[in-house]
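Given as structure tokens, the chain that follows is alone and in the form predicted on its own.
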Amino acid sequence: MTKYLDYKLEGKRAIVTGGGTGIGEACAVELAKGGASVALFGRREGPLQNVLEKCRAYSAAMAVPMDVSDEKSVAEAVSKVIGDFGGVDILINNAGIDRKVEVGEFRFEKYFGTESAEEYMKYLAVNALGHYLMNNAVIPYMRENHFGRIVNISSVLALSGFYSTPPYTASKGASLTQTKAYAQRYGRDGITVNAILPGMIDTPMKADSPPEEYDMVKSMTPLGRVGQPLDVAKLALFLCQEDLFITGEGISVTGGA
């Protein structure tokens, strides 16, 4: 079991969106290990149930199939958590989408500038609007307790725009600047809002990427490897701790790349 400093997560109530795989799964399991009750949000019930069992080995947990880009779905899901857990202290906005590619295909060149207006808006709906809807749904409960920890999973591409499609990069940039806006607005309510900016992370979302893409990233990374979901989860838990004097920040997890 990964050991952490005492971040005082025992008894906290957390929501993790996109909690069925990858970074969301790692964050959810580590929060449960720390003693937090965890609600897993996501569109696919099967993966949520798999992670649910892992979380329940350490703490109370629940799985709620939902869609972060749908305001009604968000409201109903958060209401269920409030009913079962009595409140919410931590939100990990992890749900996100990326360009689907064929097995072994590079996404960087073929799709640049080719996506339709409808496809463009889908990125914004999940990667930026999803954060907005989730924030607005949980913050009233956080304000009641004068405590909240919100961590938005953005991307290092929000800073660089390097090697991706414009809609994806734009949606991640929106996530980062939105993070800063919420941090300024709700800091006096005891709520911190920060973003994590991962580089390439070895998740199911990257399952179809060719070995050459992994090799390219490794060659550009001083620490010599592609990131793992736990690398992001470790920082997320740090940003969820009770005594935290950090807000409105975007912190890269790229191995130095």
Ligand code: NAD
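Numbers for residues come from their place in the sequence shown, where the first is 1. Everything quoted here is computed from the prediction, not taken from an experiment.
Below, we turn to the form predicted in complex with ligand NAD, even though it does not appear here.
Q: Among A183, M142, A170, V126, which has any heavy atom within 4.5 Å of ligand NAD in the model of the complex?
A: The option sitting close enough to the partner is V126.
Q: Is it true that S37, G148 and T192 each have at least one non-hydrogen atom within 4.5 Å of ligand NAD in the model of the complex?
A: No.
Q: In the model of the complex, which of 183-191, 90-98, 110-118, 77-85 comes within 4.5 Å of ligand NAD (heavy atoms)?
A: Within 4.5 Å of the partner lies stretch 90-98.
Q: Does R56 make contact with ligand NAD in the model of the complex, using a 4.5 Å heavy atom cut-off?
A: R56 lies outside the contact set for ligand NAD.
Q: Hey, in the model of the complex, does D231 get a heavy atom within 4.5 angstroms of ligand NAD?
A: Outside the cut-off, so no.
Q: Hey, in the model of the complex, is R225 touching ligand NAD, heavy atoms inside 4.5 Å?
A: No, no contact at 4.5 Å.
Q: A61 near ligand NAD in the model of the complex, any heavy atom under 4.5 Å?
A: Judged by the heavy-atom cut-off of 4.5 Å, A61 is well away from ligand NAD in the model of the complex.
Q: Pick out the residues of 54-69 whose heavy atoms come within 4.5 Å of ligand NAD in the model of the complex.
A: Result: M66, D67, V68, S69.
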